[in-house]
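First comes one chain, alone, set out as structure tokens in the form predicted alone.
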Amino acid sequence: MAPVKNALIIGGGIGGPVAAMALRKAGIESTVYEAYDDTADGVGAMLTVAPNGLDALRIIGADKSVQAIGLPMKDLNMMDGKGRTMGAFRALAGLPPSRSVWRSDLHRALRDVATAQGVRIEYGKRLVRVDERPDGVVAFFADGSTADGNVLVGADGIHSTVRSLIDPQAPGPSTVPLLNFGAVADYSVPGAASDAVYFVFGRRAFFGYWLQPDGTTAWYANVPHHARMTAAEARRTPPSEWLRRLQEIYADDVPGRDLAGHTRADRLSAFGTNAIMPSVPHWYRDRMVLVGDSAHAPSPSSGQGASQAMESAVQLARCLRDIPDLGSAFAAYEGLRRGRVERIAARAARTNDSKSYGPVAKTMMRLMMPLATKTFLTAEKTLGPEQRYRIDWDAPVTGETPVPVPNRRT
């Protein structure tokens, strides 16, 4: 099979532009096709880019742009609803701090860097079907246009069209039983550090917060909710009503009551329940392959969703650069990635469970956590294997990496 010379990338969020830049570095030209009619600015809440994600961005020359728009988060403090510290994870020695960024700002930064590097991004291109030919693929879009290339990369998110084309029997996303909100409060939490994030296990629900440079506080809420609710469904309830409910839920929590009490309805966003991906049996078929959330979407509790998409995009480019046979290249890529992303998904699932603990379990957590974070639950042991991961761009990929068996429990 002839080497890959050009690629069609479906999806212009995080994985798509990163894949395009990595492929370009590997000598493969590509075009990104985004379903939205514009840049989707303003879509989404805040997320974290971990040190391993920043290092993947360094390889393609995008790390400094993302660091410039993000707030450094050196420490993670776990609190109870009475404002007492239960445990803390300090930044790992020798690593840059994670960056907290608005999703729309991250999309814009990656798009701008990709465009500056010569990557073409086309908007309003919703994929509807793909025809495969001996020497390539043809993508058909809803507006009647087509595009052809040697390979097609599905970076089209958790509701991926490409995933269903690769495997019509592929599982769809599952629901985390937590209703999610993001907000900015006109309030500065007394004593809070400007370079730390705080996770609070409140009496009735979990919430997190961190200070903003302008003195406000960004915060989010995870409220137990067992029925699936899309973002569109959540937005049918007026923000003022959601805010009233959150003020009631966090009335007994510190500083939850102050955050909810100093938040205006127009600064509250409801996102519905989170969707995550179970283990996807097939990451590729013939000339199509998945990256990012289309293949692996851990819960936001992992703090690794964006970073894993970045890693996968870079590793895919390495495999296509070094292995002429397409099937072998895709197999090597999956072998490099599947085990890692599924371990991270499993950790995030355990974190989600803790957010729904009852009063007895929360009391036990408060008693045990200080000792745990000094012994077996240290930042190095918990986050070190994830955040210290580095991709050696210059090392050749041999194609001998075994493909792990999918772990369907994650």
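Numbering starts at 1 and follows the sequence shown. What you are looking at is a predicted structure, and each value in this text was computed from that prediction instead of being measured.
Although it is not shown, the form predicted together with a small molecule is what the next lines describe.
Residue heavy atoms within 4.5 Å of the small molecule in the predicted bound form occur in exactly one stretch of 322-330, 89-97, 70-78, 292-300, and that stretch is 292-300. By the criterion of a heavy atom within 4.5 Å, T161 is counted among the residues contacting the small molecule in the predicted bound form.
Taking the partner from elsewhere, A45 is found to have a heavy atom lying within 4.5 Å of the small molecule in the predicted bound form.
None of the heavy atoms of R204 is located within 4.5 Å of the small molecule in the predicted bound form. Taking non-hydrogen atoms only, A317 never approaches the small molecule to within 4.5 angstroms in the predicted bound form.
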